[in-house]
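Single chain ahead, written as structure tokens, the form predicted on its own.
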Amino acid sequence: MATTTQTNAQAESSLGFFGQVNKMFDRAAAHTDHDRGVLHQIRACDNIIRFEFPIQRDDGSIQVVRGYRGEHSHHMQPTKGGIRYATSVNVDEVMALSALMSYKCAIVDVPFGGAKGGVCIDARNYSIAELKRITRRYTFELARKDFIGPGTDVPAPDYGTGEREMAWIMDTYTQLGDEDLNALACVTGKPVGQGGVRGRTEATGRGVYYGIREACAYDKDMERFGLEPGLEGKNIVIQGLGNVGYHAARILEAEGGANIVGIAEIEGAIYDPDGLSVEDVVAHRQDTDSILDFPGAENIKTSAKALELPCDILIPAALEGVITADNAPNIQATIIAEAANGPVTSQADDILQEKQVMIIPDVYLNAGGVTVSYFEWLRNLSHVRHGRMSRRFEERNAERILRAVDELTAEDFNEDLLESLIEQVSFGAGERDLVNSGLEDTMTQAYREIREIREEKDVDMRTAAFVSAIDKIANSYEQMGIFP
């Protein structure tokens, strides 16, 4: 006779990742009045390709590598989504992640359709030269099949890839086609010197911070969950110290005043109810290749057990499906902030809702990356760095205002005080300032829209977020006249 654990695992596995996403979609769709045909079109994955190509290893041997790219929705173009290098990449995962990208872009009003891609490798097992050959050949295959281009499909970094791989993609694309003035916009997440935008590296983590900060700002909501409003002093456990997890934890600690009490990584987890310094933990891991044995912290050998630690906010920032029907009953967090894609399965979601756990959904919370990717794409198309044309004007205008106030006052400012005020106030926004400001506004506005839907329809935050996405995509199809 099968155990409960086996039954839960089999049920969730049979549903698949795309099935999990569609189950959440269907739950939200029931709260809309859109035609069933329209809902079916929104739900469907428009295009998906799978291809295999040979690459030469450093030892001279030939290996065949499998790649994927899915374009979920063309209600907006280009489509947009990351490229991951992981052995888990398959058709189901690509379809699910591309669907989440469609909904994510709609929620934060970024005019892209959703896409996702991947290469079935563990990047740690390849040299830099081999990774370059794989990336260039993957880009060639995408270009040959018309799955990449500034107005067609724009990739970005994801698990196992970064700005280095994006630079290789951009370089390969520019060499393949005719001279294209906008070729830099074929991919985002590039190094700043090659068309990237300042603030992109930490964008997803900073977006997580803005989203959690906004969620904790409502007195009524925090009272409902027995918490004080604001981030100050809240105990946080974070799973995953990669790009997203590290920046989210660092900013929550430095700017939000939160207390990081637990950190989990692949080698295990550490816990200290008095708080952990994120930078010190990172330095310790660089020195020892592990977060374990951090001074003053308790070691937790099994990384997944960190998800069950007592805390106010739990942030799963690694891979999908880490909170399941098996461990959901043991979750002690009051708020789960989904920094990763799909960290909570649909069955686990049901259990957590029954436990009155507040879930800030991934389809909203980790949209910071695609939001700032949009800013980078705009920069590449406009061929002007954000802030370049206005920064000096803003600085001088602020200085002129202060000096005018000085002249109009009965008593002159102390000269030292005046110079100090000029230094503080006459500040022209640079590219990073504008990017962060745009990201903050985007995340704040999107959360307010989702919360209004939650209050109006009396649903959970995830359902409200999907309703927001469905409404916006359906409106796009209607405006296109695709359903006469």
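Not measured: the values here are computed from a predicted model. Residue numbers here begin at 1 and follow the sequence given.
If you look for the form predicted together with a small molecule, you will not find it shown, but the lines that follow are about it.
Contact annotation: Ile401 falls outside 4.5 Å of the small molecule in the predicted complex, judged by heavy atom distances. Taking the partner from the other structure, the small molecule in the predicted complex has a heavy atom within 4.5 Å of a heavy atom of Gly240.
Although the partner is absent here, Ala283 is not a contact residue: none of its heavy atoms lies within 4.5 angstroms of the small molecule in the predicted complex. Shown alone here, Arg200 lies within 4.5 Å of the small molecule in the predicted complex, counting heavy atoms only. Taken together, the three residues Pro157, Ser303 and Ala318 all come within 4.5 Å of the small molecule in the predicted complex, as judged by their closest heavy atom. Only one of Thr79, Ser98, Asn366, Thr188 comes within 4.5 Å of the small molecule in the predicted complex through a heavy atom, and that residue is Asn366. Residue Arg84 is the only one of Arg84, His75, Lys234, Arg379 with a heavy atom lying within 4.5 Å of the small molecule in the predicted complex. Only one segment in the set 128-136, 243-251, 275-283, 221-229 has residues whose heavy atoms sit within 4.5 Å of the small molecule in the predicted complex; it is 243-251.
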